[in-house]
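Encoded as structure tokens, the following chain is the form predicted on its own, with no partner shown.
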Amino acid sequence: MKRDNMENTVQKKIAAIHDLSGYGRCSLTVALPVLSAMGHQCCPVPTAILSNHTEFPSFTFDDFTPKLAGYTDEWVGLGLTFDGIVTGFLSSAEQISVVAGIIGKLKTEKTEVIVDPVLGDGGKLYPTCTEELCEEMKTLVGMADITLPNVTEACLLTGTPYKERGWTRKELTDMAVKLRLMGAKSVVVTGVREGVFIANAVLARGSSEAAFIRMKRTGQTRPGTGDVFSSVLAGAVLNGETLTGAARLAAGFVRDCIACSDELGIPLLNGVCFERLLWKLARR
């Protein structure tokens, strides 16, 4: 294989395997600007093209599963290498299997694989997710250096009964340990409700105890915040932050974006107005 001599290797390169929704801030329309603001070259791998994200009453959907292998085989043939691979929304069990193959082809010893297992929220699967897709997602989680499930997704992946509130530190740590036993080296369980706070449980590689990051809740729940969180965390980790530090930065940035969006009166379905705050990430 040819060496990747087409780019200055000082700048980190991240392959972002996400859908592209033309309207509504999520997936690639979040990952590209966030990772770029943090100094990285974001290289998109579109898994699907949507007119707008799926929380709108209607949308068009063009599945890119048949095109993915050929798309990334070109990169392999060119000898391109990546410092990070980030995955988000995947539309089917078949697509997860294809993406697992892509990771196997693109990953080198230096590559950080970050898997956001997008399956559901609020104790329920998203409408596009099936039981088969959930099972296949476990394979992808097993390939992750870092996986970032929310509480619902952590429950679905580990077979843990879901509850809205009342999680103990031990219960969350036990779920994170189960995910690590699947093969993930580090785990961040996000979006844990603790009264007026939102907590994130961080079980870093080699650690037996989870660290907990708490932020006071602000504003209304909005789509796309998980994509903002995962993009900021990925960018921070690739910039040398510890996993706990990266999770703290991501949680704080999401909180600030929600507050800004509410202040500006941004409609809920439009997600968060992160564009106004990208300077905070670039300044770092």
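In this text, residue numbers run from 1 along the sequence as written. These numbers come from a predicted model, not from an experiment.
FYI, the form predicted in complex with a small molecule isn't displayed, but the following is about it.
Contact with the small molecule in the model of the complex, judged by any heavy atom within 4.5 Å, is made by just one of V34, V254, C26, A247: C26.
Proximity to the small molecule in the model of the complex, defined as a heavy atom within 4.5 Å, holds among A184, V202, V118, A154 only for V118. Only one listed stretch (34 to 42, 211 to 219, 49 to 57, 234 to 242) carries heavy atoms within 4.5 Å of the small molecule in the model of the complex, and that stretch is 49 to 57. Mapping the unseen interface onto this chain, W75 falls outside it, with no heavy atom inside 4.5 Å of the small molecule in the model of the complex. Taking the partner from the other structure, the small molecule in the model of the complex has no heavy atom within 4.5 Å of any heavy atom of W167. In the model of the complex, F197 stays away from the small molecule, with no heavy atom inside 4.5 Å. Put simply, Y162 is far from the small molecule in the model of the complex: not one heavy atom of it is within 4.5 Å.
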